[in-house]
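Here you get one chain, nothing else, as structure tokens; it is the form predicted on its own.
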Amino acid sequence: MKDINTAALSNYRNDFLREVEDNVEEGRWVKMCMQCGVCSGSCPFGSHWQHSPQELFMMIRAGQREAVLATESMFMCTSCYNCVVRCPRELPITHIMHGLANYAHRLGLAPQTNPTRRFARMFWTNIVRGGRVNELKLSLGLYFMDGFISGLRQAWAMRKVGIGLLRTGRLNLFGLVGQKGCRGAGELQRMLAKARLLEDQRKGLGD
């Protein structure tokens, strides 16, 4: 009986499941999902998922690598943690969703036009440069993410908010040409570069 169980477990743990376990944050928990659907029912965006969390977990366990890594579903997670709090098996679902999104991005398989992915990259690039967010450049980048005309329309629609930010000093026009970063910004950049190198080496990922 033990040999039969071992063989069944070996068939169940396909190559993609092993890949997720080895490379995705908290990926080792995927095999523990019992498909109850509580995570999807608890999610504020539950009706908008292309593939709900438990469906993604089943797709991973079924070896559907391309379908999982190319979907936008992981980028729908807003980190509300409702799913984590209510999961009867206490799976770290939020962490797995972000881990899958990051892994798909690093492999170059994530949807290139997904707005969440694009904004996350924009925010990261912005804050790494000086250790602090340049709010003006981040806002303009967000507004003009879909082109010049679209940016003008969004900026005009948000003009009252922008004027209010300028009046209260929350938006600095000098941020267009530069902004004071944190102390030791260079050390921060080197630390992050080293951390990424070590993580890539651990997971066997390229640049």
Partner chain sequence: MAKYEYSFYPGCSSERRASASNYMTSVESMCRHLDIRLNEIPDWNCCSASIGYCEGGELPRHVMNARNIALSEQHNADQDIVATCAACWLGTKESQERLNSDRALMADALEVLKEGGLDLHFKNKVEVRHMVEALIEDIGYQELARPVVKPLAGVKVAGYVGCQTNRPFGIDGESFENPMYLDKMVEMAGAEPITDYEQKVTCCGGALAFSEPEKSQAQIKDILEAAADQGADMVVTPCPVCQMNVEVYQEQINRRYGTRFNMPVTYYSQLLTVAYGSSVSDAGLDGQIIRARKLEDIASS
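Numbering follows the first chain given and starts at 1. All figures in this text were calculated on a predicted structure; none of them were measured in a lab.
Beyond what is shown, the protein has a form predicted in complex with its partner chain; the following relates to that form.
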query	finding
Touches its partner chain in the predicted bound form: residue 121 (any heavy atom, 4.5 Å)	yes
Close approach of residue 79 to its partner chain in the predicted bound form, 4.5 Å, heavy atom	yes
Residue 153: touches its partner chain in the predicted bound form, heavy atom cutoff 4.5 angstroms	no
Contact label in the predicted bound form: residue 194 to its partner chain, heavy atom within 4.5 Å	yes
Residue (of 44, 63, 147, 37) lying close to its partner chain in the predicted bound form, criterion heavy atoms within 4.5 Å	44
Residue among 176, 70, 161, 32 with a heavy atom within 4.5 Å of its partner chain in the predicted bound form	161
Within 84 to 100, the residues that have a heavy atom no more than 4.5 Å from its partner chain in the predicted bound form	84, 85, 86, 95, 98
